[in-house]
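The form predicted alone is given below as one chain in structure tokens.
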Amino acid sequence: MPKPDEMSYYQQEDLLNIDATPPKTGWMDTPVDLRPGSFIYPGKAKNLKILDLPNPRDWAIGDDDWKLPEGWKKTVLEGMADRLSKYRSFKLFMDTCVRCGACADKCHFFIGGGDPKNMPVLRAELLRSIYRKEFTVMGKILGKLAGARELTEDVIKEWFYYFYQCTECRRCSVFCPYGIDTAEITMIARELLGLLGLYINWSIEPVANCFRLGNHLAIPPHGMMDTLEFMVGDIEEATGIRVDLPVNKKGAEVLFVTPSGDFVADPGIYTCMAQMLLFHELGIDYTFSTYASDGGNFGLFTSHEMIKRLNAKVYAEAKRLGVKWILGGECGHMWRVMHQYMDTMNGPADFLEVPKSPITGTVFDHAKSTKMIHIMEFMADLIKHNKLKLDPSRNDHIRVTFHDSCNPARAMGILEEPRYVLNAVCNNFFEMPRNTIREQTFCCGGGAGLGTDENMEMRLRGGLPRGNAVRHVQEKHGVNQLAAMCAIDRATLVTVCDYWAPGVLVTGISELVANAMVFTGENERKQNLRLEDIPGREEDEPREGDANDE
């Protein structure tokens, strides 16, 4: 990724020079500006056909005719009526907003871009105005005076543009006095667009891949095996340890499900390698699966039905392999699905047991329903019970800060565990400003299927608040690494940091744990998992230790 002063199109000063002058016309009368760099290419017909979705065809955002199906307006309104009856939250969110503006300046896209329609309240009004016109008496009688408007093709284009400039991060919901979840509104709007065959390809292609091959990257079983075997070799080169590689192992105690981004992408691969090392050292009886090879679920960015279809593979594989419980890796949207949807959509998983750590004996009662726990909970419990032999000085060349990933943090409440782990394995940990972390954390700007290159301007604008907070601790504390427990974050924050805080690298938390661990039989650790020399380790003596020692 080029540095800011090397980029020919996007310059920091240009993105920071936001014209905050409101449009001269009202929001209903201001046409959408489909500006290149701020939208994503449409879903390809082949992917819609794989999923048996409506209206597969080739079209382009810049076309005047988006080739909507015959009777499209009736389709949308019937779809809205169906969802109003099916989801109580949707009707509640349509009726209760008083447009107080508490959420107005909380969206990273509005902060970074200044477009009024990216204020969460106004983005929701794009949908709510149609609801008022078609489903309320006041809207039918008073029309625009009641905030109602007609459903037209221009409105559909506006929906497509702005509801794919929402990462469903839910930061705005933290500040809403009525508890309106704008992410749910975005999800419904995207479902309605999907009834017309309007998807972005960056979401629907991963969904199609996952439906066919079990993961978003279309990695076939033999490809996954090859990738993991390469990781085994790299682990041995870095540590001298040859780890086991259990795949599709029937009767294993634990099914380990991780995001597929950790199989192929830097820095995610080091997260996966670290977890393999951890399990090997502790003697965990676990297995990967080439069928449920991805815990991530881009169905969350598509429709409720797609969430259910894609997530079914996890329980199905757990049952086929006969495991006792499920352990999940460092992924964001994966965990919102697992935590909030999986049990009611694909459960109950009565064939599984409540997760119990085979090392500490801790029973994770909070996972009684889903039978699945987060790797961060698992590692924090190990550290609390002194089951890992750690030398945090091995990370002394790292000055790290932590990005609370929206879905595990805001949606699940995993706030303290990652900090507990980081403080145990790093001597130099620094928090970003308090209004940018924990429940108020800023999004990476590329979640919910928006982490592609054709909308780079919007991604960089959306990443400004997070990038600015990273730049703050970089300048104040010399921070040189940003840790995140989410595969999408580890991918998209590389671009954000390269642009807004050059010099800050991105890492997973598990990687830092593995770098600090003293493994049984390890060689003289002069390199980390990235096969980089560890500063100050050139003259160190070999160290031995047993991670299971108290």
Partner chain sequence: MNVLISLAAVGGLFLLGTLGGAPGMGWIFGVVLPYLAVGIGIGGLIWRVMSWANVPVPFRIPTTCGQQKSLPWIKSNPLENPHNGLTAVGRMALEVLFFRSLLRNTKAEVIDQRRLVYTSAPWLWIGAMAFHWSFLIILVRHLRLLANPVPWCVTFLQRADGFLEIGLPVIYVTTVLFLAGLAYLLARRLASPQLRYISLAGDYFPLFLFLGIGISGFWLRHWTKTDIVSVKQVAVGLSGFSFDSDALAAAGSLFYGHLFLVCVLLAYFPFSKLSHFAGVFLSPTRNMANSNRSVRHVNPWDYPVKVHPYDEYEDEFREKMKGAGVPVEKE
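This one's a predicted model, so the numbers in the text were calculated from it and none came from an experiment. Residue numbers count along the first chain shown, from 1.
There is another form of this protein, the form predicted in complex with the partner chain, and it is not shown here; the text below is about that form.
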Inset, instruction - Given that the partner is absent here, state which listed stretch (393-401, 69-77, 462-470, 278-286) has heavy atoms within 4.5 Å of the partner chain in the model of the complex. - result: 462-470
Inset, instruction - Answer yes if any heavy atom of Arg190 is within 4.5 Å of a heavy atom of the partner chain in the model of the complex; otherwise answer no. - result: no
Legend entry - Interface membership of Phe351, the partner chain in the model of the complex, 4.5 Å heavy atom rule: no
Inset, instruction - Tell me, yes or no, whether Lys356 is in contact with the partner chain in the model of the complex, where a contact means a heavy atom of each within 4.5 Å. - result: no
Legend entry - Contact flag, Gly179 vs the partner chain in the model of the complex, heavy atom cut 4.5 Å: yes
Inset, instruction - Please state whether every one of the three residues Lys86, Leu92 and Ala380 places a non-hydrogen atom within 4.5 angstroms of the partner chain in the model of the complex. - result: yes
Legend entry - Among the candidates Val323, Cys426, Met119, Leu127, the residue which, in the model of the complex, approaches the partner chain to within 4.5 Å (heavy atoms): Met119
Inset, instruction - Let me know the one among Asp105, Glu153, Glu236, Glu150 whose heavy atoms come within 4.5 Å of the partner chain in the model of the complex, would you? - result: Asp105
Inset, instruction - Let me know which residues along 235-270 have a heavy atom within 4.5 Å of the partner chain in the model of the complex, or say none if there are none. - result: Val247, Asn248, Lys250
